[in-house]
Ligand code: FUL
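Consider the single chain below, provided in structure tokens and representing the form predicted on its own.
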Amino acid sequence: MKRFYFLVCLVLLGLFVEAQKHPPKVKPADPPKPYGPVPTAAQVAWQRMEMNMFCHFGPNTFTGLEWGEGTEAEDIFNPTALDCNQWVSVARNAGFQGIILTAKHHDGFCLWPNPASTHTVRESAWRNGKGDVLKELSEACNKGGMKFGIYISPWDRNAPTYGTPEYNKVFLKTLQSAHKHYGPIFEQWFDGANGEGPNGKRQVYDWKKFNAQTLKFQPNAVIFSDVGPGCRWVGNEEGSCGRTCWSRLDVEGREPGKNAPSQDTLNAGNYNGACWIPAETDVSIRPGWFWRDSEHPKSVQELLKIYYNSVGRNSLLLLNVPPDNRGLIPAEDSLRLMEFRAALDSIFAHDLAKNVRYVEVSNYRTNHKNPWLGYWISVLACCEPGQYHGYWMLDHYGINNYDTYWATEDTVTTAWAEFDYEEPRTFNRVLLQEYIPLGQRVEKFHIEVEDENGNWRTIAEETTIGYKRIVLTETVTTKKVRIVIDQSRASIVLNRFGLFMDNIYRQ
């Protein structure tokens, strides 16, 4: 019997050596086809940023108002030590990828010498009327490796033409001035606010022209508003995305402001939405949006909750960190951001899902009638092991490649992936990601672990995944974890699975 096994091993070794010389030709399986609306390359890059910094800054920083009247004297804007390089340094160290500045809030004051307005830094005493915050921040972002974005409110409580057809032309000139000279701009943030101007009238905004001109000068910009077209408001300013969150939205007949979708719809998206318009969760680190000396930043616990309820629910987090009246990010805000960053690093720096003993999946794409035989043929052929096998959800091979994923066959919309470990894993966070360039598919899943008696039990049940889902579970210790996709709208396409331990956030 021993001789027989020895001969079998010799034959297998010979086959392996021969395969290296003349590997069998293995035709890779066809990739899944896109399902439903899918993101543009710019939208994918935007979603992968995950966290950006918002900076509310302007006359309100000096008056203590949230919405300026538009009648404030230009000289009230006079930061004594403005340093945009400091903003960028704080943002970068906190893990943000981009900064969006309120270049013009509702009061109409422009932080650059906008030729379409007489209510700008040009008319202020700051830097003898030669200052330009947009220029300084765009240059600082470029120098510091950060993306640069701008907020420009269409509401203008100062412009004399507001409330007339002429104002839309003025606003287009305002956009052109900002977009043409301070790019590249990764995101244009449009507020849908529409109040009265100095003449007591409200404006009928020409959103089609506003969007068209933005993309004319900044074709890669992601446009934010209640209805996109690049990304949408999450429906609240509390830092919370829906537990069910589709990146799809119906916008036909809708526009920003009063004619926007309901806040519940913005929070969850539309199941059958015709357009890919993912959610952005905007929230301030302080109680207000503009700096006030009497206010203080949120705790690390609060910021972690916001992170889990935004980035962890298929949304991008836009955290407002307002500069003070010196033109600097306050020390207490900077310190809190560093504590927040340290907490995230502590939780997510070590992926417990790595170094798996084996991964078993109920189904994956292959051109061979027998999936497991096809798997070993691909190994002998020195191909990627099971091109669409569950292994590719892990950083198991040291590649951490966003574009590799587990994918099931076209007709398979219910499947499971099981991860088996030599040593027990203790965790309370499970991370999953769908490969969104092919659309959003999963609508229901659950997570199981095997106990010491060999019994499986469910530790979490959720709905959508999208770009990223972080599931908060009880603390469990196990050698086996199973992800079960209960319902998917098309073949399953997941490109990340991770396990993490959070000893900081208390639910």
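It should be emphasised that the depicted structure is a prediction, and the values quoted were computed from it without experimental measurement. All residue numbers are counted from 1 along the displayed sequence.
Note that the form predicted together with this ligand isn't included here; everything after this is about it.
Among heavy atoms of residue 445, none comes within 4.5 Å of this ligand in the predicted bound form. Not displayed here, this ligand is approached by residue 151 to within 4.5 Å at the level of heavy atoms in the predicted bound form.
In the predicted bound form, no heavy atom of residue 468 sits within 4.5 Å of this ligand.
Interface membership of residue 189, defined by any non-hydrogen atom within 4.5 Å of this ligand in the predicted bound form, is confirmed.
Only one segment in the set 281-289, 242-250, 411-419, 141-149 has any non-hydrogen atom within 4.5 angstroms of this ligand in the predicted bound form, and it is 281-289. None of 237, 255, 302, 339 but one reaches within 4.5 angstroms of this ligand in the predicted bound form through a heavy atom, and that residue is 237. None of 119, 313, 389, 106 but one reaches within 4.5 angstroms of this ligand in the predicted bound form through a heavy atom, and that residue is 106. Shown here without this ligand, the chain has 54, 56 in 30-57 lying with a heavy atom within 4.5 Å of that partner in the predicted bound form.
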